[in-house]
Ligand code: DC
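Take a look at this single chain, the form predicted alone, given in structure tokens.
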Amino acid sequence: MKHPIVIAIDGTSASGKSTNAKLVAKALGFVHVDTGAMYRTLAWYCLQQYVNPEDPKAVAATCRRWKASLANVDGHVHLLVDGKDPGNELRTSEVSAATSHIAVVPKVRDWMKQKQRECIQFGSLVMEGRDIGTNVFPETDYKFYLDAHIEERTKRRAAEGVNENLAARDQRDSQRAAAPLMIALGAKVINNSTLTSAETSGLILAEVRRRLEASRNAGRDGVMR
């Protein structure tokens, strides 16, 4: 393959984006990008700097001036702050709560889009999020949208020890002004309510390989240009 490709995996909360993106990336030897972790990193930094995550202007100003850089660590892209990876600190309940506020700030989403597109420097990607196929890499031929019944998604969150109002989260994600959650044009929709991770990732891999073969037969790379 002459040029890197991007596999975009979007979807609702607890639809299995992270698990399946990692499985697909590992199977194909692609680099995995968790865009949600990038937003969490900014939320973590705002809390470290005592910036109110509910103040859009203060958050946007912080995003403009923080020293953040991309790094490929064992096939996974991390957003480093002053050269540091916050690691498990990104998964605290405080960071989760702050992330839901900073992620809707338009200036933050603009900054993140630019940074996420820069990830192509690491090669072919499996990128998960909520606006990859619609906003970050709309030109890719490899778009997927994962979903599951809200009862199943709530059960998955509870198994992780997280009590979250997913209906409210879905509404916020789909109604925000900047890059709302929606199914990208040409995306394959997979409802995995009754599927295992192996079955879901298997469907994605089968479709990717089918499209790659079709691109080769048509004399194209199916690549990002």
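Keep in mind that this is a model prediction, so the values were computed, not measured. The first residue of the sequence shown is number 1, and the count goes up from there.
The protein also exists as the form predicted together with the named molecule; that form is not presented, and the subsequent description refers to it.
When contacts are judged by a 4.5 Å heavy atom cut-off, residue 35 counts as touching the named molecule in the model of the complex. Remark: residue 100 counts among the residues lining the named molecule in the model of the complex, judged by a heavy atom distance of 4.5 Å or less. Taking the partner from elsewhere, residue 169 is found to have a heavy atom lying within 4.5 Å of the named molecule in the model of the complex.
Using a 4.5 Å cutoff between non-hydrogen atoms, residue 30 does not count as a contact of the named molecule in the model of the complex. Looking at the named molecule in the model of the complex, residues 40, 129 and 173 each place a heavy atom within 4.5 Å of it.
Heavy atoms within 4.5 Å of the named molecule in the model of the complex are found in exactly one of 77-85, 145-153, 101-109, 117-125, that being 101-109.
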